[in-house]
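Presented below, as structure tokens, is a lone chain in the form predicted alone.
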């Protein structure tokens, strides 16, 4: 445990030194504040709390931005250190390879946690303070922050899997961008096209559930846009979660599984890799 905490501290200090922590926190805060105030403009007409509209806006932002940030943090975490020769030096100390991976993962997740809580928290407090509204939306906003961190953890884990699988940093970067494009853009377009082409003939509700769970971005979207009535109505996806038959607990467990599986695969690949 001590070795893992030391590596976590190292990744945190590296994040401070190369401005990753400051940059991600500032970026999330600025974009969240912008979307919060611009998106809350029509709330008086539609009778929806400003914070609920902010949740919808931030959910859309998170799906695009947080996975990209997570992959940029993690895509060279293993292969980059191998290329620079620092991994061999690190492994010369009494530390196991699985401890290296877990420590680096926890350090990168801590950076995302700090950036998300501060960035989104500032926006939520500012919107609630200036626009007012029902305090009940804070539960959905807390869920947004928690699941945003989980979504970031998913793509950090995927980034580690990519980093442990390829032979150089350039390849890792290209694969990471491809992963981002697939899960954030291509998957949903292909799923929508399949649903339109099928016209409900062969694709059952159970099959749709499986297809939704196979994309962590869709799991995140269902958790934040369909499980809260006020948010779901304004987002235009009211009843989607109930129609899909996926309870919030199931969706959270799916995100956790999306973290554990690629991280375990990364540990296995790294344990067999020549450094």
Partner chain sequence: MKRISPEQMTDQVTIDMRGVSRRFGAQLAVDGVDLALRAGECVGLVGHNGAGKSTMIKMMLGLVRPDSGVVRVLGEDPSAGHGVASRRALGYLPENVALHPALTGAETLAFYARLKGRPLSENASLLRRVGIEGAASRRVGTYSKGMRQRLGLAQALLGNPRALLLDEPTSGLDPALRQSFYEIIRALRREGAAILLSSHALAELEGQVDRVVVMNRGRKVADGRVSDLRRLAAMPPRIRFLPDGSGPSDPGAWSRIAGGRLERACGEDDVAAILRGLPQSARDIEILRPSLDDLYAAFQKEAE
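Numbering follows the first chain given and starts at 1. For clarity, every value in this text was computed on a predicted model and none was experimentally measured.
Although it is not shown, the form predicted together with the partner chain is what the next lines describe.
Residue contact check for residue 76: none of its heavy atoms lie within 4.5 Å of the partner chain in the model of the complex.
By the criterion of a heavy atom within 4.5 Å, residue 98 is counted among the residues contacting the partner chain in the model of the complex. For residue 84, a non-hydrogen atom is located within 4.5 Å of the partner chain in the model of the complex, even though that partner is not displayed. When the partner chain is considered in the model of the complex, residue 268 lies well away from it, no heavy atom lying within 4.5 Å. The stretch from 118 to 126, 84 to 92, 174 to 182, 147 to 155 that comes within 4.5 Å of the partner chain in the model of the complex, counting heavy atoms only, is 84 to 92.
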